[in-house]
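Consider the single chain below, provided in structure tokens and representing the form predicted alone.
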Amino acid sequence: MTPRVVIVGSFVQDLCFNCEHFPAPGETTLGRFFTGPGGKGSNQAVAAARLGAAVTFIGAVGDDAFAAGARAFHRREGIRSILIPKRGYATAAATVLVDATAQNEIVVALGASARIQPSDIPPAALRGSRIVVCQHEANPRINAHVFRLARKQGVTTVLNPAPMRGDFDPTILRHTDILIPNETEFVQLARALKLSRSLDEAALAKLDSVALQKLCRGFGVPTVIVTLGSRGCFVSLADRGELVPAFKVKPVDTTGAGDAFVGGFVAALARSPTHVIAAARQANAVAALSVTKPGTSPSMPTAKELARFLKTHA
């Protein structure tokens, strides 16, 4: 039986613009437009499903064309999708700008995704699962509720604190088994927990493995994985920390790379729960492959693409 992964979060309709440079305030710049499915939770579900995991996605949508598109998209991807309709609210949407260097700027209107409630989660939704994943692109109350349910059923909890929010409640870390922030989120979390007042991204980049391991242990989470962009990721376990190098590729669009990492990681961990470092290496490969294509969910690699990539990047 394929191990099950449950992902609770957002579906977002991406409205994407490619441009030579990001416009300055008051400036209009020409670009190319395309639209497609996105949202941190949905992207992660697609990444895991394309790698062979049995995935259930739970989220909220409006009563509109974007919601119908989300349901059809998840069916095509083989994802069991539980999308709760929120009347009076629009399905979440995002404007994504990608410049000539493949960097991005994103604005998200969460709409219905912010209205998902604990009562929307079916009582049996986590039954038989190995891993449940939450992010910050929905209602924070739902994360705490889902993680408490998961812990009661012995399900591993994974929190991707993206994007970091002003209403972040650090008590959720008590119910978190694996925390996966990027550099920006890691710095914000460290400050919120008063682990370091002076830490910024430049200072984080200068930390050696010993210092970073010490800082990670301060979060009180069994496993912390800090994604470091082109440097790879740092995996902090209770007894050691290890830098897992990135794979070198030529990026086309970095949007969704973090979601690709999370989806690739949980797909591997669901198969081999004790092989965290190996799962992180697969996650680096999935993220690398994702940035070689435009878009978010459409850029997630298949199992065959990943196998070919790893064969040539041993």
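The structure presented is a predicted model; accordingly, all values stated were derived computationally and were not measured. Each residue number is its position in the shown sequence, starting from 1.
FYI, the form predicted together with adenosine-5'-triphosphate (ATP) isn't displayed, but the following is about it.
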query: Stretch from 48 to 56, 66 to 74, 23 to 31, 257 to 265 whose residues place a heavy atom within 4.5 Å of adenosine-5'-triphosphate (ATP) in the predicted complex; finding: 257 to 265
query: Any non-hydrogen atom of Val61 within 4.5 angstroms of adenosine-5'-triphosphate (ATP) in the predicted complex; finding: no
query: 4.5 angstroms heavy atom contact with adenosine-5'-triphosphate (ATP) in the predicted complex for Gln188; finding: no
query: 4.5 Å heavy atom contact, Gly232 and adenosine-5'-triphosphate (ATP) in the predicted complex; finding: yes
query: Partner contact for Pro251 in the predicted complex: adenosine-5'-triphosphate (ATP), 4.5 angstroms, heavy atom; finding: yes
query: Residue (of Leu243, Ala114, Leu228, Leu149) lying close to adenosine-5'-triphosphate (ATP) in the predicted complex, criterion heavy atoms within 4.5 Å; finding: Leu228
query: Gln213, Ser129, Thr223, Asn104 - the one with a heavy atom within 4.5 Å of adenosine-5'-triphosphate (ATP) in the predicted complex; finding: Asn104
query: Stretch 161 to 198 - residues with a heavy atom within 4.5 Å of adenosine-5'-triphosphate (ATP) in the predicted complex; finding: Asn182
